[in-house]
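Just the one chain here, the form predicted on its own, laid out as structure tokens.
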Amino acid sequence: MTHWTQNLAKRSGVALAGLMAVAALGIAPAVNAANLTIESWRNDDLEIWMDKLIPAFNKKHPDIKVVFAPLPPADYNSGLNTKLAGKTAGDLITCRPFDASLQLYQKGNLLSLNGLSGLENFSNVAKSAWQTDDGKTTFCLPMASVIHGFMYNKEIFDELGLSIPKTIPEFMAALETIKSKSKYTPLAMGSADQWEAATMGFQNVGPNFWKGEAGRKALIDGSQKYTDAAYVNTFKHLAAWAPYLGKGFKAQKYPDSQNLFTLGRAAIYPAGSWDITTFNTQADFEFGAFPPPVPAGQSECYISDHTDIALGINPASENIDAAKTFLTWMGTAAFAEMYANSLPGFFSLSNHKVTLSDPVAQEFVSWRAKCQSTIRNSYQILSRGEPNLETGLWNVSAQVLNGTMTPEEAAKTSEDGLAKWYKPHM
């Protein structure tokens, strides 16, 4: 039995014992009390929900009892679909971004949240992962995003007299200094797993080239192509990283990259904010973060502030009003701050100003005030067909790093794949 199932079993046992005691005394539970069950794949944060989030909600709504009942991540989609088909799913459903949740809504398994109090605290970008394609209906309340950028070893930067690079020329100059004047690997990233090359490479730095949301939406409506200069230039910048990735990067996997950085052997780590907790645990040096440097002469900046997790309502729930009350509470500043501080690197998607206790997490989220946010440009609509654009970008990004594909070839391969099934690109 896993740690989370032991905890859940123990808590369920306590709850059952309490109900038996009440029954033995002849005391009936309040008739107007509501019970809510949350379905989720995030079984690693069971204790946070049970010990922090739900008790905080119950201080304001003591008559609504909430149980967080997660499934193992790999079993969530199939398990949830089985429960929905059998009419046994919980009242609240944790939503993955984009198509998986859109399909649930289209099948009648998620309630429209239009008009829900609290939803006004989220931007259109935040809601985009849980809306219909026309943006008219939102069916899940956004919870958190992850932000891309770079983490760096402050001790190495101090040793080499380096400043945080703000432009791409400054960034490349810093990499050259690290390579030529130290024993450290400049960039801790490999290409073996492929997704790193796309997620922490292409999608990390690309928004500064394609102007964030403007470029992402232009790909969707077909007014821009992957063969346009913005995308070719993104691949060119990615290709320029290759000499600074260290020996053996082609065989280097994601855990290898993490270890290279946490062992103090690499100066800079192309990052997803979810790595903060890992590095807090494993690194024995002070590290910081900086946003993706902008092209020379560009004043505006863009960050990948990628929508990750949300919560929706099961239309078959017998407690829809209570479920709406819970979601409205999740739209408050108090929830945003509590959730973000409990899970450093997972940032509230609300417009509330959140003060984070983790300094690196606070650095990441501060970029929202300086730069415009966007999401990964392959996630909404563009990866519904075959060949799949998302996995295709993994492959071509890795090949660009490896030198087996030119930036122009990577751009053309991506565009040709999209043109095979997506009408605006045909």
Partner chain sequence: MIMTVSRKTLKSFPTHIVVFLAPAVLIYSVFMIYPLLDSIRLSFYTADQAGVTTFSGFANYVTIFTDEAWSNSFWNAFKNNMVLFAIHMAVQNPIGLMLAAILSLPRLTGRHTYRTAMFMPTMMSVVIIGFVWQLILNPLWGVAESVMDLVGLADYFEPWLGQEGTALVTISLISVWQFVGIPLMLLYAALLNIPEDLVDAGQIDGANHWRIFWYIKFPMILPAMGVVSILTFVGNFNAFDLIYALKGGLAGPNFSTDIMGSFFYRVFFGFQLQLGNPTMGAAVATLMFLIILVGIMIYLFGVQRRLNRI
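Positions refer to the first chain, counted from 1. What you are looking at is a predicted structure, and each value in this text was computed from that prediction instead of being measured.
Unshown form predicted in complex with the partner chain; subsequent notes refer to it.
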The partner chain in the predicted complex: contacting segment from 290-298, 322-330, 338-346, 105-113, heavy atom within 4.5 Å: 105-113
Residue 154 within 4.5 Å of the partner chain in the predicted complex, heavy atoms: no
Partner contact for residue 423 in the predicted complex: the partner chain, 4.5 angstroms, heavy atom: no
The partner chain contact in the predicted complex: residue 379, any heavy atom under 4.5 Å: yes
Close approach of residue 166 to the partner chain in the predicted complex, 4.5 Å, heavy atom: no
Contact at 146, 159 and 281 by the partner chain in the predicted complex, all three, heavy atom at most 4.5 Å: no
Candidate from 367, 49, 394, 57 lying within 4.5 Å of the partner chain in the predicted complex - any heavy atom: 394
Position in contact with the partner chain when the complex is considered in the predicted complex, options 125, 80, 260, 178, heavy atoms within 4.5 Å: 260
Neighbours of the partner chain in the predicted complex among 233-264 [non-hydrogen atom within 4.5 angstroms]: 247, 248, 250, 251, 252, 253, 256, 259, 260, 263
